[in-house]
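Encoded as structure tokens, the following chain is the form predicted alone, with no partner shown.
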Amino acid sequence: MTTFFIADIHLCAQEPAITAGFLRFLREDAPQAEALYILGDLFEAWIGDDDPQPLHAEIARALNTLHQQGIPCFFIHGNRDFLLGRRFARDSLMTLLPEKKVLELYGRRVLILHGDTLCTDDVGYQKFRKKVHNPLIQKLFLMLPLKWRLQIAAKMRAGSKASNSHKDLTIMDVNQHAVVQEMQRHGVEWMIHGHTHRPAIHNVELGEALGHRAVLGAWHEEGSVVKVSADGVELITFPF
């Protein structure tokens, strides 16, 4: 059996090719897995489960169908869709997980997370993240009219793009000390995450032991999946 991991699909109405590729993946590839884990940023933006975009309903139906085929889907929030809530989870039959989760897979202990919390050198982003993950701020934001939330989200995305364009690329990658610290704290030999859009499998020195970190790619021009089985851990890309 095999377990699939994906992240950073960034679905939005403006990118129909990505949507089509993801739906094909759910129909043709995902049913081969024992389970599917989505490690954040399934959507480019999420301003509340009450957003009536047809795309959201289409994706919920496709995930629901996958579940009906006996393939459970699990979700960890990303930095783009951290407001995705119980209503969408109910419609899609997707299980919401905490931001860090340890899995026992085929004799391996694996820590899964979105990955943005590992980018500790990006101090500005970490401060912003702390603010928007405040439950009170989230509650107040979700009480606003949908039109206002759309405007605020658009301004925030534009501000984020402008800010990132001036940042050193190195600070937007993970901090190696943070990686080691998390792996040792959770007692794992494997970590799987997304967020950085830098697909690779890295060796990680864990004192006297050797660990491994699998990084998922973003679905900008091709799909990216980490497949975990009894035989090993494999990072795969495929055309839409």
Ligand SMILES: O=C(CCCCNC(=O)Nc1ccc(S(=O)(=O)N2CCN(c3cc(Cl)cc(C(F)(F)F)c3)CC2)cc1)NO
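Treat the numbers as computed from the prediction; the structure is a model and nothing was measured. All residue numbers are counted from 1 along the displayed sequence.
Quick note: we don't show the form predicted together with this ligand, though the next part is all about it.
In summary, among the residues 71, 97, 103, 153, the only one with a non-hydrogen atom within 4.5 Å of this ligand in the predicted bound form is 153. 137 is the sole member of 146, 93, 137, 123 with a non-hydrogen atom within 4.5 Å of this ligand in the predicted bound form. Remark: none of the three candidate residues (117, 176 and 213) comes within 4.5 Å of this ligand in the predicted bound form, counting heavy atoms only. Screening 27 to 35, 201 to 209, 179 to 187, 40 to 48 for residues having heavy atoms within 4.5 Å of this ligand in the predicted bound form returns a single hit, 40 to 48. Remark: residue 141 counts among the residues lining this ligand in the predicted bound form, judged by a heavy atom distance of 4.5 Å or less. Taking non-hydrogen atoms only, residue 10 approaches this ligand to within 4.5 angstroms in the predicted bound form. Contact check for residue 127: every heavy atom lies farther than 4.5 Å from this ligand in the predicted bound form.
Taking non-hydrogen atoms only, residue 131 approaches this ligand to within 4.5 angstroms in the predicted bound form. Along 79 to 97, a non-hydrogen atom within 4.5 Å of this ligand in the predicted bound form is carried by 79, 80, 82, 83, in order along the sequence.
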